[in-house]
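Here's a solo chain for you in structure tokens, the form predicted alone.
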Amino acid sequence: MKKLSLLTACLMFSAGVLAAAADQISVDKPYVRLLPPGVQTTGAFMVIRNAGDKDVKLVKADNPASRVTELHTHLNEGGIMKMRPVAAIEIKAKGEALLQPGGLHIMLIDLKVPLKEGDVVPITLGFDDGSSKKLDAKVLRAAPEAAMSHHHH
């Protein structure tokens, strides 16, 4: 019995130590922006929180609605705002990354079919340790109020 308890304790400890990055991540208010008919590219926005003790990097995203999915940011280059792909989006330990219009976001490029308001786009987030997290992002005309009124503390 004592050996079984020790084995159980070891397994529980190793499960905690080996927890995947995705297990520490939660996502709030994910949505995909509805764009006018004919536009083949849109963005996905959300708040990604990291409850873990280690920084985590979002290194990729995927979805079945577009042919290409990239991580992007907006940069001011010579007074002109431009979108640029980024290799990763860091989510600090006990922190969060805000993906919002005009900042970091996920680009859905070359949509396979036009998106309609209320559609749900399944998105898979991939992290630097190889773990992943799936979420559903609703297609909305405007940003959910809670995500955009979010403040850092």
Partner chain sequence: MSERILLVIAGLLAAAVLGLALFWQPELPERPLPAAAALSGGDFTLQAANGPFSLHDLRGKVVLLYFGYTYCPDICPTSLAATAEGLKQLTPAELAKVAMVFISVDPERDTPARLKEYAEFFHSAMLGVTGTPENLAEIARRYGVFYARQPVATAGGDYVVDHSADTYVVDAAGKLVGKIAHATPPDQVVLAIRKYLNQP
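Positions refer to the first chain, counted from 1. Everything numeric here is computed off the predicted structure, so don't read it as measured data.
Only in words, not in the display: the form predicted together with the partner chain, which the text now covers.
Highlighted residues 20, 57 and 64: none comes within 4.5 Å of the partner chain in the predicted bound form, counting any heavy atom. Interface residue remark: residue 45 is counted as part of the site for the partner chain in the predicted bound form, having a heavy atom within 4.5 Å. At a distance threshold of 4.5 angstroms between non-hydrogen atoms, residue 34 is in contact with the partner chain in the predicted bound form. At the 4.5 Å threshold, heavy atoms of residue 94 stay clear of the partner chain in the predicted bound form, well away from it. Among residues of the shown chain, residue 26 is not one whose heavy atoms approach the partner chain to within 4.5 Å in the predicted bound form. Residue in contact with the partner chain in the predicted bound form (any heavy atom within 4.5 Å), chosen from 122, 114, 118, 101: 101. Listed stretches are 103-111, 122-130, 86-94, 46-54; the contact stretch with the partner chain in the predicted bound form is 103-111, by a heavy atom cutoff of 4.5 Å.
Contacts of stretch 74-92 with the partner chain in the predicted bound form, defined by any heavy atom lying within 4.5 Å, are made by 74, 77, 78, 79, 80, 81, 82, 83, 84, 85, listed in sequence order.
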